[in-house]
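For reference, the chain that follows is the form predicted alone, supplied as structure tokens.
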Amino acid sequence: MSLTTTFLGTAGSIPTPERSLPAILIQRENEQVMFDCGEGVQRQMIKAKTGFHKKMKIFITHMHGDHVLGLPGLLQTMALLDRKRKLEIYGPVGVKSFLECTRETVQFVLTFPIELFEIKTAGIICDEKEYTVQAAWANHVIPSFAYVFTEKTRPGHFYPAKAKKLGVPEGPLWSRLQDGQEVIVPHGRVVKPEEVLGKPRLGRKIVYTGDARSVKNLVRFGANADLLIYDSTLDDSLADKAEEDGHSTPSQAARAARKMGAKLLVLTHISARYPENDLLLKQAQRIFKNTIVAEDFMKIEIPFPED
């Protein structure tokens, strides 16, 4: 099953000709999970050809404009395109009143239902059949969350030869065993999944810090991430300003990635003062080699761990 992360917006605070405001889209088969929703996100989605009608959840990290002002425009575009599917929106306290105020003052009619969830405590906030989304407090200047998208453990590889040897006929019983269910074969024996399956297989893990200073709880929260997307607004020489503004530097992000055991670090939320990536990339790679700097429309395909 494919799992692709598309960087729709990678700027911090102010858009540039090359970078739109924060929005990261995870596409898993026919479902989309978006982290943050900066202004103009619907244009970025059009250019990226992601579509507007799929099952979708949006997770807002905090109520700063560059992370949330894209919601009204996105909702209106979806309505104009006659979306019908429910849209789920998660965010800190304040996101509900923000959207209610928008709908009261900007006249447009939605063609689809919205389900809003205001997050008040850290922990698992979305628990689906095949994945979870967990929130952790991020150390920013206002209440802010980091998020981790984690696929649940999958059953091990199925071995048809073992099933046949145990008398399990090919067909529905094989499917039930692959789903982790016991079955009874025609001669009455109970066959357990572990008799025909390999070891359980880990899913994939994506961590997004949003705007955050470098803090210990994010290291624990993001352990063994396949993809770590980290705030890197300012370069190392401006560490004091980054601390004051509630952001991180490349070296801080890299140290966190190393402590987490992340496979890949992507620096994002890049200040407009950096037209080139070289300085930020060099500072991070001194500590964590497998680092890249996000660019708008960059896509990262995340394989399963065993692949």
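One-based numbering along the sequence shown. Please read these numbers as outputs of a predicted model, since none were measured by experiment.
Not pictured, yet referred to below: the form predicted in complex with a further copy of the same chain.
S.K.: Among 281, 63, 264, 239, which has at least one heavy atom within 4.5 Å of a further copy of the same chain in the predicted bound form?
M.R.: If I apply the 4.5 Å criterion carefully, the residue I get is 63.
S.K.: Taking a further copy of the same chain in the predicted bound form as the reference, which of 271, 252, 44, 268 has a non-hydrogen atom within 4.5 Å?
M.R.: Of the listed residues, the single hit is 44.
S.K.: Determine which one of 128 to 136, 177 to 185, 224 to 232, 71 to 79 lies within 4.5 Å of a further copy of the same chain in the predicted bound form, judging by heavy atom distances; exactly one does.
M.R.: Going through the listed ranges, the match is 71 to 79.
S.K.: Would you confirm whether the three residues 1, 6 and 50 all fall within 4.5 Å of a further copy of the same chain in the predicted bound form, going by non-hydrogen atoms?
M.R.: No.
S.K.: Considering only heavy atoms, tell me if residue 18 and a further copy of the same chain come within 4.5 Å of each other in the predicted bound form.
M.R.: Residue 18 belongs to the contact set for a further copy of the same chain.
S.K.: Although the partner isn't part of this model, could you tell me whether residue 102 comes within 4.5 Å of a further copy of the same chain in the predicted bound form, counting any heavy atom of the residue?
M.R.: Although a further copy of the same chain is absent here, residue 102 would touch it in the predicted bound form, with heavy atoms inside 4.5 Å.
S.K.: Contact with a further copy of the same chain in the predicted bound form for residue 121, defined as at least one heavy atom pair within 4.5 Å: yes or no?
M.R.: No.
S.K.: Please tell me whether any heavy atom belonging to residue 111 falls inside 4.5 Å of a heavy atom of a further copy of the same chain, as the geometry stands in the predicted bound form.
M.R.: No, no contact at 4.5 Å.
S.K.: Within 4.5 Å of a further copy of the same chain in the predicted bound form, which residues of 105 to 125 have a heavy atom? Give them in sequence order, or say none.
M.R.: Going through 105 to 125 in order - heavy atoms within 4.5 Å of a further copy of the same chain in the predicted bound form - the hits are 105, 106, 107.
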